[in-house]
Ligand SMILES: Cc1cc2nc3c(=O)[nH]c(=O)nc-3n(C[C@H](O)[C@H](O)[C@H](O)COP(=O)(O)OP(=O)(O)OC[C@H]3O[C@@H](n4cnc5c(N)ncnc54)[C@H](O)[C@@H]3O)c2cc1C
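Let's start with one chain on its own, the form predicted alone, as C-alpha cells.
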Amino acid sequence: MTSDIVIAGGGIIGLSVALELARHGLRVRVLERGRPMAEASWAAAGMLAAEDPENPDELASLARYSRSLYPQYLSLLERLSSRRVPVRTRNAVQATRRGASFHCAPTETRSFLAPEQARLRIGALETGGRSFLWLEELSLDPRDLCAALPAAAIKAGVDLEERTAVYSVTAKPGSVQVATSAGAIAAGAFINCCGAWAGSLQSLQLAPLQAAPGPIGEAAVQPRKGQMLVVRLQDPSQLQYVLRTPEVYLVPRGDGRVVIGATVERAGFDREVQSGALHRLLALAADIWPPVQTAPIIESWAGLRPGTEDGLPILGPSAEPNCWLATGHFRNGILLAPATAAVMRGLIEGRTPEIPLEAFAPHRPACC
C-alpha cells in the first residue's frame, strides 16, 4: 500500500510528527537507519527549557507553544503505549557565570532569586558572584520517552521500519520516490527528520533561489557532539531541582541519579567519550554545587545533536515539491517535539501556522 507520508528518521521529532499525522487519518511510514530513539533522543538530558535565557530569542514562541502542548502530548503517549512517562522535576534554578548578571525580564514562569533564596532551594549551592532565576520548568527522563513513543506511534497506525536507510528522494508530480536499503518506496510526500544525519539525502536542496544551493546538511545541519555523565547521590533529596548555568547543567532524576552535561563540540560524527571532557564537566558542576564532587560516576555517553548556524530548527518545505524538512533542533529536540508535530501537520495540510515560522524557514540566509 502506498503511504501518504514517508518520514526518514525515527527519533523524537520523526516519531512525534508521524504520530500526529497518523492520528489525523494519514498513512505514515517511518524509516529509521538504526533503532528508533537511539541517537540524540536517547542521549538528551530531558529539560523542557522553554525559558532558558541562553535560547535564541527567535525560539521563544515555538518553545512556549510546545511547552503548552506537553501535558496532552504525554497523556497521549501514556494512553496509547500503556507506559508511564513521569515528570522528574518541576522547577529549575538558572544561574549566570561568576561576575555576570541576567539581561532578561521576568515572565509568568521565571522570576529573580536572591542568592540566599537560591540556597534555600538548593542546599550547599555556591552563590558567590552569580545571579539566579527561578523557572517553572519540567524535566523528563528521555529513556521513558524512548520506551513510550515508538509504541504509541505503532498503536496509532504508523508503519515503523527499523534498520532501513534512506539513500535519496526523487520528487515527481504529486508524489515522491524514496530509494532505501530495502528497495524503492512510493509515497505522496516525504519529511526529512534525520537530525544530525539530515545532510545524507543528497537529492534534496534547501532553496531554489540560491545561487549555488547545496544538499541539506552540508552547511545547514551539522552534528554537535555532546558528552555527558551521570553521578549517584546517596540522598536523592539533596538536589530536587534542575540546576543550570551557561557552562553546565545538573538534572536530577528523583532516584539519586543526576545527569551532568554537556559539551558542545564540532567533531563531526565522532562519539568517543573522553575522560578529560567528563572531568571538566564534573569540575564545572562541583564549582556551583560541591556535593557532586564525591558522588560516584555510574554512566557516561556522547550524543550527536543536529545543529544549525543560528541555533534554530529548520521547519518547512524543501526546494523539491512534496518534500519537507523538520530537523536542526539542536539542544531542544525533547522540548520542541509536540510543537514541531503540530506545525508540520498544519503546513502539510495547508493551514495557517499557529505561530510565526519565518525564523525556521529552510531558505533563511543563516542556514547556508
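Keep in mind the model is a prediction, meaning the values are calculated, not measured. Throughout, we count residues from 1 along the sequence that is shown.
The following text describes the form predicted together with the named molecule, which does not appear among the structures shown.
Enquirer: Answer yes if any heavy atom of residue 228 is within 4.5 Å of a heavy atom of the named molecule in the model of the complex; otherwise answer no.
Expert: Residue-level check for residue 228: yes, a contact with the named molecule.
Enquirer: If you check in the model of the complex, is residue 311 within 4.5 Å of the named molecule, heavy atoms only?
Expert: Heavy-atom contact with the named molecule at 4.5 Å: absent for residue 311.
Enquirer: Wondering, does residue 285 line up within 4.5 Å of the named molecule in the model of the complex on heavy atoms?
Expert: Result no; residue 285 lies far from the named molecule in the model of the complex.
Enquirer: Contact between residue 318 and the named molecule in the model of the complex at 4.5 Å, heavy atoms?
Expert: No, residue 318 sits far enough from the named molecule in the model of the complex that none of its heavy atoms falls within 4.5 Å.
Enquirer: If contact means any heavy atom within 4.5 Å, which of 85-93, 99-107, 72-80, 187-195 contacts the named molecule in the model of the complex?
Expert: Only one stretch passes the 4.5 Å heavy-atom test: 187-195.
Enquirer: Which residue among 325, 47, 341, 28 has a heavy atom within 4.5 angstroms of the named molecule in the model of the complex?
Expert: When the named molecule is considered in the model of the complex, the option within 4.5 Å is 47.
Enquirer: Though the partner is not shown here, which residues of 58-80 have a heavy atom within 4.5 Å of the named molecule in the model of the complex?
Expert: Not one residue comes within 4.5 Å of the partner.
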